[in-house]
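Next up is one chain by itself, shown in structure tokens, the form predicted alone.
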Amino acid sequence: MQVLFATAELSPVARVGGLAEAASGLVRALRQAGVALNVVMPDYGDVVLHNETVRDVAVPEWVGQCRVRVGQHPSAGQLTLVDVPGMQRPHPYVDETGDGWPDNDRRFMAFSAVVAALVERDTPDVVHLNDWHTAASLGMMTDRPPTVLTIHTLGYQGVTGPEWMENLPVGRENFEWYGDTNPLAGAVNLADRLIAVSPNYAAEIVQPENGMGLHQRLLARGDHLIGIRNGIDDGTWNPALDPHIPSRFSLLDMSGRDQCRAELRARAEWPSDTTPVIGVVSRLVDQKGIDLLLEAVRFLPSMSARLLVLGAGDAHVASQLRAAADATPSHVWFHDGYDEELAHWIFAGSDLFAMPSRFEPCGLAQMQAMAYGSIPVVTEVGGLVDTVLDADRFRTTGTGFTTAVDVPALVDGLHRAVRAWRHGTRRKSIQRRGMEIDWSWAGPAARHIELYRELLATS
């Protein structure tokens, strides 16, 4: 089976958020299962490929000069990298101030045009698109094989000016959006199958309050919209194999976790005592609810807990976290920016892990936390519902604690988690349940292959 897999991000080549991790994990699992994948992504620059060749691709004149490189990446495997005018930038989407590049519409419309040209030239059995960056390609393929669109988030749809409609000759009317052009809206109508990245997210996005304007289109697709939970890369996120953490450990021998716990506290200049540490690894954006967590900071002393945050994103949120850490260094520690090693340390050494998201299509961090024995405290949204069972409601199967999306509920959830953590037997039971679950991509990848086969059987 030949599958063209198009994505704007793929870890570690280009990584901004969960899309990169989800794409790389699924790609690796599909390849291990024997699927022949042509992974197509933008060439943002400075990516070295081994055994590189340059391919000729016939693209519309408006795209401008196009260069397509194919070769082997040391960790991501074979890649097809697409360079179009303006694509090579230090950040895929935003400038140094955090504002989106003003030509993002042109950059990703041109990328989509190259994806469509590669599809028409190579005729794969299935085309798998991801998010809005690739969605417009469905308006440019005149002879389309079976297509799948994964919706990692509806929060970004690529809405742009009406002039782009002229470059979408196939099903143009599907992309019209209140006088503008909406790539994701068009692809929702045109893709043969839609995948939301968790079953609960698939149920949420057909509701007016969660569909971000697309709920009616999504509802109209009926059972052509399905939810498949993301997985985590168990080669990268495995405490028994992890080269980043101070000491490796597993369910059979958890002693290494105590060393990770001590080293994490030493890094924050905290004593290695019985005070539980709540870890956070997150983008600092409104979606992630870090402002809710900041409101809960004043309750940390009363619940005898500490908060350790690793994050990058909104400068205002970062400044608030720095202020909290400066004001109460005995209870709050903040690292501004993403640090791969520190992320692993936090999962391996934190006692609890907080994800107060306002919406969360799937979420990976809560699964990573459970794999490392850090007990999650999450809001009851999206994929967090599919992956974390509240241990107070499900006494024998619970894997963490869930709350509503508000400050009082979050504080209550943290209190409940701290109390459970202080009860040694209960803590170990909750940890064990989370660590025993197979969070890998093996199951989700098998479901993707099943979907590909269903499409091929009916095409």
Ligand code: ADP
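Numbering starts at 1 and runs along the sequence shown. The model shown is predicted, which means the values in this text are computed figures rather than measured ones.
Note that the form predicted in complex with ligand ADP isn't included here; everything after this is about it.
- For the options V377, V115, A365, L138, the residue carrying a heavy atom within 4.5 angstroms of ligand ADP in the predicted complex is A365.
- Proximity to ligand ADP in the predicted complex, defined as a heavy atom within 4.5 Å, holds among R306, R261, R193, K288 only for K288.
- Contact check for G227: every heavy atom lies farther than 4.5 Å from ligand ADP in the predicted complex.
- Within this chain, P12 is remote from the site of ligand ADP in the predicted complex, having no heavy atom within 4.5 Å.
- Ligand ADP is not shown here, but in the predicted complex it comes within 4.5 Å of a heavy atom of L19.
- Ligand ADP in the predicted complex is not approached by T160, whose heavy atoms all lie more than 4.5 angstroms from it.
- For ligand ADP in the predicted complex, the listed stretch (181 to 189, 365 to 373, 292 to 300, 318 to 326) containing residues with heavy atoms inside 4.5 Å is 365 to 373.
- If you check ligand ADP in the predicted complex, you find a heavy atom from every one of W237, A312 and G337 within 4.5 Å.
- Taking a 4.5 Å heavy atom cutoff to ligand ADP in the predicted complex, the contacting residues in 267 to 297 are V281, S282, R283, Q287, K288.
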